[in-house]
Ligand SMILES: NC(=O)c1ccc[n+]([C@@H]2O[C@H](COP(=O)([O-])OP(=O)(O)OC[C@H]3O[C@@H](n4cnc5c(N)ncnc54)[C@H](OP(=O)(O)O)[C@@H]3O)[C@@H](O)[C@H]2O)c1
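The data below hold one chain only, encoded as structure tokens and taken in the form predicted on its own.
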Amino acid sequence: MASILVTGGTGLIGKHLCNLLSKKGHKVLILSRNSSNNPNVFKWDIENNYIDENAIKNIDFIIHLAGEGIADKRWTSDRKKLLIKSRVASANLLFKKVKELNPNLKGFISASGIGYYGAITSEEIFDENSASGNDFLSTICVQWEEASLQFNLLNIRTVLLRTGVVLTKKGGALEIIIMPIKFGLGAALGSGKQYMPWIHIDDLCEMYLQAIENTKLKGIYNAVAPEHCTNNTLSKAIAKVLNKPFFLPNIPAFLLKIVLGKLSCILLEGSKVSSKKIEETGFKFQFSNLNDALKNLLNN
């Protein structure tokens, strides 16, 4: 049994992951911005460079999920700064405290995003050796990863998971995408040809578990399912599983740009991303097929 500290443990992915880790017999501790009477929840304050030292001293692993939601609000200048700071400053703070209090930490596992490759649509299949993009999404991911990879300086095994669109039963991207489809108003976005690298939340959490338990895992891995699909393919598949019509013309890109501003690039652009590297470690996807994933999530 390992003692694992999770940041972002109360978020959509964090809750699911903490439940899995507990079921597997690991002791789960959570860093929270709010005080709690729960002995396994510890307070931290990134603005003031504070972490309860008791959260750091005797843990075996850190899983770093914390960060403001990329798609929660329009990307104003202040919002952009917060999106970067919530990821980079938090990783820097964790590094500083681990160096002071627990330099023998066994592993640091951090989220990252496929936004590293940039918000572009192409037929290129991006793998972990591909160059970063040159837009805001890639800037976030590059700085996020640089902060996380500092743990290598302490000879601590470090794993980064560049995550695609996480499909969940409640909350997240899928809930937003299915809303108009449920009312018979389903339509592809923009050209509909942009790829949407995805992963079922169960597979993502199993990937984090493997990063803890398989000591051979080190470095950067794409956390996406093997099957490539476009926005049009995903939307049609959802409509089919829900037994809803799908006949409306695509929603024009300019409308989404008016409503969402530069944030719209998340919906309007996307390329293929390879899962080959994580599969070569022996990882087996439970949901490698989009239809199987959607039936699991939407039919229950």
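Everything quoted here is computed from the prediction, not taken from an experiment. Each residue number is its position in the shown sequence, starting from 1.
Absent from the display: the form predicted together with the named molecule. The rest refers to it.
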Looking at Ile181, Val142, Leu209, Val166, which has any heavy atom no more than 4.5 Å from the named molecule in the model of the complex? Val166
Can you work out which of Ser138, Ser86, Thr230, Gln150 has a heavy atom no more than 4.5 Å from the named molecule in the model of the complex? Ser86
Given the named molecule in the model of the complex, answer whether the residues Ser77, Ile120 and Leu260 all have a heavy atom inside 4.5 Å of it. no
At 4.5 Å between heavy atoms, only one of the stretches 52-60, 31-39, 251-259, 234-242 reaches the named molecule in the model of the complex; which one is it? 31-39
Does Gly270 make contact with the named molecule in the model of the complex, using a 4.5 Å heavy atom cut-off? no
Can Ser112 be called a contact residue for the named molecule in the model of the complex at 4.5 Å between heavy atoms? yes
Please tell me whether any heavy atom belonging to Ile70 falls inside 4.5 Å of a heavy atom of the named molecule, as the geometry stands in the model of the complex. yes
Does the named molecule come within 4.5 Å of any heavy atom of Ile13 in the model of the complex? yes
